Structures are given as structure tokens and as C-alpha cells.
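Take a look at this single chain, the form predicted on its own, given in C-alpha cells.
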């Protein structure tokens, strides 16, 4: 009896790993610096992960199908570069937003087309389009930073019914994504494709259409994340969006989404993962940790996320084998 109870407890902890880690991080930073627990800082922790969280929502759709999109940071950069040019050219905000979103959707469709039509691994396609996007963005910006008007920063600081606009946008995208994944046939098809693409195809699921759609959704979220990031720091630098794809993957996986597909949730999983990552960055800033250590700590977070996912999958596989054995034996 002890072994099954131990495995059940271990699986419970693995499934709630992001919550356990979040509590541990808050407690640690709170003990090291009282300023970390101040209400003003708590508000910052909720506002700052908006762009990463939106990016992670799109990544969750892709990961659920056992895919990956390494180009989302580049999509952010290209959309922001074009948007910055249009803003400086006097375009209205609505037109700039529409163009940025269109860029994200078309970029996602380009990834999806190569993946679905030529059966090329998503890792290879999106790695190639990542470098293409970084190069295109540098060409558009001419490798120089573009500082946007102060009015654009005021947009990011705006509040609706007391709620900061970035949080409102993030919450809206999370709600829509959560409903799509949990309450629609398309959402069930996404999980089915990730669990077993061949079985889903035999069951009548249009797997190519589902895969195409998730990469378009991911591109849309990347462009939206670029817009939110611009509103929070109104400047397009040559490093804008660089390596953000890895933080998005880490946030999704820390929230319980499997790298192997078929399991995960936007809420509360991915949301909590994004907040956890931002909490770590915020705590390091308050403690005035050397900025050169940030990449090392970030890599540690990603490693923990992958390790937790691999361990979770191994435990689940063992539990499932045991259930099959018991059912067969009975």
C-alpha cells in the first residue's frame, strides 16, 4: 500500500509543481527582502508578465499538439518593427494594431504551411523562420533602436475600471483560449492530435487543419504580445523579443503542459507558469543580483521545467501500465 500512496503523492506534487515552486519562490524572496512583499511590487509582478503570458498562451496551443514554435520572438520583433515604423509615420493606433496582428497571423500561417504540406519537423521550420524573422527585423529597423512617442507609453499605463490595460488584454486572451480548449470541438481535437495524431486521423479529425490552426493562433498571440511589450516599454531595439520563445515554453511547461503533447491547460497552468517566471525575475532585480547571472538562472528555470515534464510523463506512464495490468489481471 505504501508504494502506490507514495506514487500518488508524487504525481500530485508533480501536477501542482508550479504552485509549489511559486510558493517557495515567494517565501524565499520575501524572507530575503521585505520590499518584495510590498503591495506595489505585487502589482508589478502581475502587470509585467502580460506579454510573456500572452506568448505562452499561443505556445500552449502548439505544445498540446506535440509541436513547438521557436519563431515567436522573431514574430514579436518583425511586428513591432513594422508597427514602430507606422507609428512614427503617423498611422492611427487602430491601423497599426491591425497590421501587427496581420503580420503575426501570416507568419504563423507560413510556419503551418511548411509543417503541414511538406511534413517538415516543426523544430526545423520554426528555427529557420526564427533566423529569417530576426534578420528581417534588423533590416527594417536598420539595426537601430526606434523610440516611440510618449503617448504610446501612456497607453500601456492606462487603466480600465482600475485594471491596467496589459492585464486586461492578457486576461481576455486567457479567457478566450481557455474556453476554446475546454468547451469547443476544436479544443478536443487539439488534445486528440497531441495524444496520438494517427488515432485522431482515423477518428475523422482533420489533423492538418488543426495543426495549421494552432500555429496561426501562436502567431496571433506573438503579435499581440509584441504590442503589449511595446506599450510597456515604447522602444524597438535590435534585441526586441530575442529568446522570448524559450521563456514562453518554460512558462507553459512549468504550468503543466507536456512537451510530448496531449496534456496541459492555459488556466491556471500557463498563467501561473508565466507569473512564476516573472516573480523570479522581479525578485532578482529587487535583490540587485548581477545581471550577468540572469541567463544562468533562466536556463535553470527551463531545465527545471523540462525535468518536471519528463518526470511527470514517466510517472504517468508507470501508473497507466499498472492500471492496465490490474484490469487485465482481474
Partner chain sequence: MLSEYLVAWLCLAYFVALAPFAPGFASLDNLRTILAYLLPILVVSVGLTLVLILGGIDLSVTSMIALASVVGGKIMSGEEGWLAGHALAVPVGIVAMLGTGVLLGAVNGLAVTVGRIPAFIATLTTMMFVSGLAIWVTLSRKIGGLPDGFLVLGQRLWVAVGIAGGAAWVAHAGLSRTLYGKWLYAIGHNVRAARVSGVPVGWVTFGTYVVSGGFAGLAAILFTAVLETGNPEMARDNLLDVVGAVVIGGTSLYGGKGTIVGTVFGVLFLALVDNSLNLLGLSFYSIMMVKGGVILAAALVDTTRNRWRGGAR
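We call the rigid core the largest set of C-alpha positions that still match within 1.5 Å between the two forms. Residue numbers count along the first chain shown, from 1. These numbers were taken from a predicted model, which means no experiment stands behind them.
What comes next is about the form predicted together with the partner chain, which is not displayed.
Not one of 16, 169 and 216 is positioned with any heavy atom within 4.5 Å of the partner chain in the predicted bound form. When the partner chain is considered in the predicted bound form, only one residue from 121, 163, 109, 209 comes within 4.5 Å through any heavy atom, namely 121. With the partner omitted here, the stretch from 92-100, 216-224, 79-87, 112-120 that lies within 4.5 Å of the partner chain by heavy atoms in the predicted bound form is 112-120.
Although the partner is absent here, residue 177 sits far enough away that none of its heavy atoms falls within 4.5 Å of the partner chain in the predicted bound form. Residue 295 belongs to the set of residues with a heavy atom inside 4.5 Å of the partner chain in the predicted bound form.
Taking the partner from the other structure, the partner chain in the predicted bound form has no heavy atom within 4.5 Å of any heavy atom of residue 20. With a 4.5 Å cutoff on heavy atoms, residue 28 does not count as touching the partner chain in the predicted bound form; it lies far away. For the partner-free chain shown, 117, 118, 119, 120, 121, 123, 124, 125, 127, 128, 130, 131, 132, 134, 135, 136, 138, 139 of 117-142 come within 4.5 angstroms of the partner chain in the predicted bound form, judged by any non-hydrogen atom. After superposition on the rigid core, the Cα atom of residue 48 is displaced by less than 2 Å between the shown form and the other one. Once both forms are overlaid on the rigid core, the distance between the two CA positions of residue 305 between the shown form and the other one is 2 angstroms or more. When two forms of a protein are overlaid on their rigid core, residues whose CA moves 2 Å or more are considered shifted, and residue 295 is one of them between the shown form and the other one.
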